[in-house]
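Take a look at this single chain, the form predicted alone, given in structure tokens.
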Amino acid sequence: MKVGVPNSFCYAGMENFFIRVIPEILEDSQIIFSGKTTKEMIEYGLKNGCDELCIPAKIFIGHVEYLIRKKNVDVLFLPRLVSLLPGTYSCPKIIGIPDIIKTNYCGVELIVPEINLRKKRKIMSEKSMKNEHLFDFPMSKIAKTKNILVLAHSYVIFDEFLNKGILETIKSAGYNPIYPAYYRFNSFYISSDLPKEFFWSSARDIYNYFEWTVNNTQIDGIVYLMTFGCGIDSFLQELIMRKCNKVGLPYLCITVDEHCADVGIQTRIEAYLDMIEWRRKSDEKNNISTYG
């Protein structure tokens, strides 16, 4: 049996988990991953996704279409990720993505187990989940100086279409990009200056990492990659922007959608880094900033 798994959206970074778990519940299964996002997948997603979806969810639909059309999978494995940190919920689009796929592809068989830490983990056996991480993203290395904090959901940072090559642009300018990685941080850092915790686990990941880096590392600026149509990003980036204004950190928000041209975004990043560099050299910290 060919089991299709999209490498996108909420399932990005879960490849090792799927390789370990799927054979436990489906004997004689062959796991087929969709791979990196391609232009073909983007076209599939834009054609089949409704306007209300965020761009990562549309791209996810493109990955599914690719698995069905090009790989001829027998079944799609799409766990329902209800809660991945105790006391939180996932984004509503993440929770409902199996239903969206079921609506779009009526004739395709889906396997939809549930992961819900609000009810304790409910997927496969306890043995399969023990001492294992769901996600396996590479952690960034923090340098002593010239760090640029890039904030976004992990499925944006590690998708070559959505990140628009921002990490490489920052590196080529002589700065070190650092970023949060899902669910590896909150296990040891749970404090926050907010009066209440975030309802969504991904928002808690991003904000707590932002707060930790501001208080414990030397960073020169912050870039927030906001995806069009993301409800969490819409208020989280505003909250972080206000905090940056208070502490005097250069801040840049870039909204990514299906119409973005890579060159235009790279130009904005380069201009932003140029201003940071001028600020470092001319000691203009006490002047009115040109970047807001």
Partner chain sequence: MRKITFPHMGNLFIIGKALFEELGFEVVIPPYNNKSALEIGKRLSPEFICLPFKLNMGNFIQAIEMGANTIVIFGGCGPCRFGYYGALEKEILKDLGYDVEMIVIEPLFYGFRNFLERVSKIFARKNIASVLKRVYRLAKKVDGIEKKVHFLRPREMVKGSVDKIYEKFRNEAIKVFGIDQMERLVDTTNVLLDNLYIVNEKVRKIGIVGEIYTIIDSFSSLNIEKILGEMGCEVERNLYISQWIDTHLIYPIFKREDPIVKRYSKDVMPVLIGGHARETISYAKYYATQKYDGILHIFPLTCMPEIIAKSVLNGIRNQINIPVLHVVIDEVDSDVGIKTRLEAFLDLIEARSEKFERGVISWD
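Positions refer to the first chain, counted from 1. The model shown is predicted, which means the values in this text are computed figures rather than measured ones.
We do not show the form predicted together with its partner chain, though everything after this point is about it.
Visitor: Looking at its partner chain in the predicted bound form, do all three of Glu168, Gly221 and Val223 come within 4.5 Å of it through at least one heavy atom?
Guide: So, no: the whole triplet misses its partner chain.
Visitor: Which is the contacting stretch out of 79 to 87, 134 to 142, 213 to 221, 170 to 178, given heavy atoms within 4.5 Å of its partner chain in the predicted bound form?
Guide: Stretch with heavy atoms near the partner: 79 to 87.
Visitor: Contact between Leu53 and its partner chain in the predicted bound form at 4.5 Å, heavy atoms?
Guide: Judged by the heavy-atom cut-off of 4.5 Å, Leu53 is in contact with its partner chain in the predicted bound form.
Visitor: Is Arg118 a contact residue for its partner chain in the predicted bound form, using a 4.5 Å heavy atom cut-off?
Guide: Close contact exists here: in the predicted bound form, Arg118 approaches its partner chain to within 4.5 Å, heavy atoms only.
Visitor: Looking in the predicted bound form, any heavy atom of Trp200 within 4.5 Å of its partner chain?
Guide: Result yes; Trp200 sits at the interface with its partner chain in the predicted bound form.
Visitor: Look up in the predicted bound form whether Glu109 has a non-hydrogen atom within 4.5 angstroms of its partner chain, and give yes or no.
Guide: The answer is no: Glu109 has no heavy atom within 4.5 Å of its partner chain.
Visitor: Heavy atom within 4.5 Å of its partner chain in the predicted bound form: which of Val156, Ile148, Leu151, Cys91?
Guide: The option sitting close enough to the partner is Cys91.
Visitor: So which bits of 227 to 256 sit within 4.5 Å of its partner chain in the predicted bound form, heavy atoms only?
Guide: Those in contact are Phe228, Gly229, Gly231, Ile232, Ser234, Phe235, Glu238, Leu239, Arg242, Lys246, Thr255.
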